[in-house]
Structures are given as C-alpha cells and as structure tokens.
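Have a look below at one chain only, the form predicted on its own, in structure tokens format.
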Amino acid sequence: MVGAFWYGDIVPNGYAFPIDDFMTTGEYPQWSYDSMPQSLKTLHTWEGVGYGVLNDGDGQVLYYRRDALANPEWRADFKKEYGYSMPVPPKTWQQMLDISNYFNGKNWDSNDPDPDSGTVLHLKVGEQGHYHFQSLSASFAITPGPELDQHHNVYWFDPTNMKPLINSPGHVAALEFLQELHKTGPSAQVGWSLGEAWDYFLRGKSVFVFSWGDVGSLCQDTSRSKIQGVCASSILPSSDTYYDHKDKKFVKTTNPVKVGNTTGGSWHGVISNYSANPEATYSLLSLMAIKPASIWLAQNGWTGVDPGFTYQFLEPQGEAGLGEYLDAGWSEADVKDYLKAYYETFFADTFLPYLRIPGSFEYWDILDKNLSATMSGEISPKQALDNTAKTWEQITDRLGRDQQLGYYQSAIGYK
C-alpha cells in the first residue's frame, strides 16, 4: 500500500507491476479508473500505464462548527468587532483567520468550562505538518490561469529548469499566515500528530480544522465525537492575495479562485514487480476496490479510507443515494456538506500539482524540518524556505537535473 508520492521512485526503477492487462480479462473483481476524477486517476498511473488499484482518495477540506458560526449572538458580536458579517463558510483564508481569532480563547462550546480554540492543526515534525502548508499555501503561491505553463498553475519548481519555487514570495506569505493561524490554537499542537488534533476538534474544542476525509466520518462516531450533526465541511478557502510569478508582484482579488488538491498519499495497492503471485495480489486488491467494499470503507472513518469516487458522491454529482449514508449512521446535514466539499475539491479547475518524482520524500522531508523550525520559532519563514530551496537544488543536482526535469514535466503535465 503506497502513497502516490512513491511513484517517482518505484515506477522508473522497475519496482511496480503494470495492471492494465489484469483489468481487461474479466477474471477478477471489477472496478474502473473511470470512477475516479482525473485528479485522482493521475495518481494511479504513470505515463498512461495503470499501476495502482483504487482504494483511498486523499485531499484536504475545511471542517467547521456549523452551530458556532450560525449562532446569532456570536455573529452579531463578530460583525461589531470586525466590521463585516461572518461568512459561512469562509471564502478566504483571511476571513477564516478573523473568525478563528474571534473564537480563540472564548468558552463558546458547552462541553466543558475551559476556553476553546479557533483552529487546531497537526504540526508534528516527521508526520503530517508539511501537508497543512501545501494545502494552505496553494492559493497564495499559484498564479491561476487557463493553462499550465512556466508561470501559471505551477507550485513546486519552474518547469523549464527545476529551479525551486518553494521560497517564492507567495510561499513565504503563506508560511507567515500559517504562523498567525497557529496562534489561534493550542500551543502544544506544534508537536501534535493527526489523532491528537482530530480528537481536539471531535471533542468540540475548536471551530476549525482542515484535514483529510477521516475527520468527516469520525464526526459521526458518537463514541469519539461530540459534534455529530454540527460538523460542517467545505472546499478550502482561497487567499484574497496571490503572487503573480510572471509579473513578479502580489495581486489582490475580490473573487479568489477555488484551488483543489489531492494533498496526502491517496494510499492504494501497487503490486511488486518481483511478486511470485501477482494474480492473487491483484485479486485481493481488487476485492477491496469494488463498490460495496469501497463505499463501506469510506463511510467508516477508522478505516483510513476517504471518498473520491463517483459511486461515493451523492446524486446528481455521483451515484450514491442519501439513504446509504443515513443507514450507515451519518447526519444528513453533515454528509451533504462533506461530499459536496470533496466533489468541489477533486473537480476544481485550478489545482495544486502533486509532486511524485524521484526523491519526492526527500524533498518533502527537508521542507517538513524547516517548516517545523519556523512553527517552533527558531527561524523566520523566509529563512526556512530559502534553506529548503538551497537543499532542493542540491538534491536535484545529485539525482540529475535533466532527469528530474523530465519526470517533473511529465508528472504535472507540462508541455
């Protein structure tokens, strides 16, 4: 079971077994890449050849307390303090920060007498913290446009020469913003992993968390969650200011574009090219990929399998009926928000490109360590990202710049 970011290391080196022939024989449990949005299908293939068997669909969305943001008393007080009506959900990161600051430190939740937080994050180094930065920074650092070219819809590297973009002014502004957002949550979260942050939100202690699909389904588990029925979801906000890589300046907009993402691993089965029994392996993986198994896995958050496929989205966007989720114990309001948020995330026109080239984990590991140093206050955001870019250049040169450039162009669809 691999993360999609492994592909650059396992496919070109001959470790992965192509499965297209198995898929067409009709001898195995039947599933199809056609049930995936293109954003997820790309992560299961390499240069048009299928290697991955459908399982998990990762992407990050915003979760928020529907009851807190709808409360008339809080809304009136927020408007008095900030001068505008509280948007539900927030459309921009800047609006979200205002709301998060407003609620932080108040005892707005009745579950216990202690003060509550605005936003909770999972920032532990060596785990998932860098994913927060990826998803948040996309709308700060990507110059939107109709096509992917040297300046538009790129995020990681310049697709003409592999020069890192990670320390662009947009990325730096995003990291400075993340520092501010971090202040609206518990200080201990700089060392928290997924479970600790999720449980904080599930106990009703924060207004916001942005994370993977597990959260929405875990909200329905009343043995762990106190917020079933008030756990709302939306596509992530966008920044009202982004960096234009072509004109080398920041652009302020009153209508920021929504930026989708497949942030995470989208964990799924890939057969080893050295397997003595690839047929048996494929049969097992396919059994978990068919609709009855896949939709059950996605409905139950403890499985770690998240939604993203047509038969999991509600009609008319997908094939699922609302009753299937209600029978599985979901709140009607929660599941409607949840699946709409993921549909918009995976089908967005502007998208955070996925890094899956040789050495992806090494690039991310360096970024993760420098982000952690920033969030703990050791170094500035600019220094952290400058350090990252410098080390990325060294990694690229060691692995071979021309080779890396070719893989990167292929991975993001640069022509």
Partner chain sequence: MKTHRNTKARFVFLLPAAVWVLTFTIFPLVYSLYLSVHKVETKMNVSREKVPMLDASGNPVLDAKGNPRTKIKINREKISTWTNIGFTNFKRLAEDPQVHSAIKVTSIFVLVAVPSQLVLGILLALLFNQRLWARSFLRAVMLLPIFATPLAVGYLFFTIFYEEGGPLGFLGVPFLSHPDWALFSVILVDIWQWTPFCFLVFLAALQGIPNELMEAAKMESKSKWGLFANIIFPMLTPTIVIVLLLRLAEAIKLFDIPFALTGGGPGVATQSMSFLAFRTGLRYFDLGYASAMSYCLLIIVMIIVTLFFRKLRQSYA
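These numbers come from a predicted model, not from an experiment. Numbering follows the first chain given and starts at 1.
We do not show the form predicted in complex with the partner chain, though everything after this point is about it.
Colleague: Please pick, from 131, 74, 267, 200, the one residue with any non-hydrogen atom lying within 4.5 angstroms of the partner chain in the model of the complex.
Modeller: Flagged contact: 200.
Colleague: Between 344, 196, 244, 176, only one gets a heavy atom within 4.5 angstroms of the partner chain in the model of the complex; which residue is that?
Modeller: The residue from 344, 196, 244, 176 that makes the contact is 196.
Colleague: The partner chain in the model of the complex: within 4.5 Å of a heavy atom of each of 38, 108 and 204?
Modeller: Checking in the model of the complex: none of 38, 108 and 204 is within 4.5 Å of the partner chain.
Colleague: Taking the partner as it appears in the model of the complex, which of 270 to 278, 163 to 171, 325 to 333, 140 to 148 has residues with heavy atoms within 4.5 Å of the partner chain?
Modeller: Among the candidates, contact is made by 270 to 278.
Colleague: Would you please decide whether residue 406 lies within 4.5 angstroms of the partner chain in the model of the complex, comparing each non-hydrogen atom pair?
Modeller: Because no heavy atom of residue 406 falls inside 4.5 Å of the partner chain in the model of the complex, the answer is no.
Colleague: With the partner left out of view, is residue 297 within 4.5 angstroms of the partner chain in the model of the complex by any non-hydrogen atom?
Modeller: So residue 297 does not count as contacting the partner chain.
Colleague: Examine residue 373 and determine whether its closest non-hydrogen atom to the partner chain in the model of the complex is within 4.5 angstroms.
Modeller: Yes, residue 373 lies within 4.5 Å of the partner chain in the model of the complex.
Colleague: Classify residue 125 as contacting or not contacting the partner chain in the model of the complex by the rule of any non-hydrogen atom within 4.5 angstroms, answering yes or no.
Modeller: Answer yes; at least one heavy atom of residue 125 falls within 4.5 Å of the partner chain in the model of the complex.
Colleague: Using a 4.5 Å cut-off on any heavy atom, which residues of 1 to 25 would contact the partner chain in the model of the complex?
Modeller: In sequence order, 12, 13, 14, 15, 17, 18, 22 come within 4.5 Å of the partner.
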